[in-house]
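First, one chain by itself: the form predicted on its own, in structure tokens.
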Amino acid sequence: MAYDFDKIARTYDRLNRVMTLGLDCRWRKHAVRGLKGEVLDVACGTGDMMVELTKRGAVATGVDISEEMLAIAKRKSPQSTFLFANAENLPFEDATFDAVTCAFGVRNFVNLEKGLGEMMRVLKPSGCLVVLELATPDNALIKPFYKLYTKFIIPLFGEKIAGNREAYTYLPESMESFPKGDAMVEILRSVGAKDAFHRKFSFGVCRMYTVKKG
């Protein structure tokens, strides 16, 4: 990890809403459509995805390595199960879950392939994996403005709202280096996905990767 998420847990939700103009809530709603049964949310953070899953009748389990974030998530979704666990070493048997989700977390994996492989491992043969992640847009007109926004404005928000400029300076740097689109789909296929595709939201600022295991 590039920084300690415990330090920004209290202001994490507010900053997400400010940085994405509230669009992160809409992206999550898209991600959980059609998901049901036993669902694991990896790097669950403060539990926003868990709330969306339980609204739709799913039985949700969340894992994260930030105790402060988990404490907030438990208050938001008391009917869900939460575990302190690393995404790259999930404490579940093979083929446990009907679906697995991860919203804005895979970018922070130390070993991306291992983390994705773990999510595929705990997924049932007929299951679905859905990953949401931020990305730099491809549009040549929008890209320069977005880079300015992420490089200068977002760190300023981090400093003013969370008192942590460093954490939000990391965001644009990690987005630039992280695989997106077809490159990410190829990585998903390399860890066992038989049917993987991606969809762009908001000019490609957010990408949704959907994987069918069987």
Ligand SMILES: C[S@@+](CC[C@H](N)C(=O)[O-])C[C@H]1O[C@@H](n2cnc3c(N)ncnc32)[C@H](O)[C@@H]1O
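A residue's number is simply how far along the shown sequence it sits, counting from 1. Note that this is a predicted model, so its numbers are computed, not measured.
Omitted here: the form predicted in complex with this ligand. The next part is about that form.
Q: Pick the stretch from 121-129, 140-148, 92-100, 106-114 whose residues have a heavy atom within 4.5 Å of this ligand in the predicted bound form.
A: Heavy-atom contact with the partner occurs in 106-114.
Q: Heavy atom to heavy atom, is N16 within 4.5 Å of this ligand in the predicted bound form?
A: Yes, N16 sits close enough to this ligand in the predicted bound form that at least one of its heavy atoms falls within 4.5 Å.
Q: With heavy atoms only and a cut-off of 4.5 Å, decide whether D64 touches this ligand in the predicted bound form.
A: Heavy-atom contact with this ligand at 4.5 Å: present for D64.
Q: With a cut-off of 4.5 Å between heavy atoms, is A85 one of the residues that contacts this ligand in the predicted bound form?
A: Flag for A85 set to yes.
Q: Please check if A43 has a heavy atom lying within 4.5 Å of any heavy atom of this ligand in the predicted bound form.
A: The answer is yes: A43 has a heavy atom within 4.5 Å of this ligand.
Q: So this ligand isn't shown here. In the predicted bound form, which residue out of M69, L188, A58, V32 has a non-hydrogen atom within 4.5 Å of it?
A: In short, M69.
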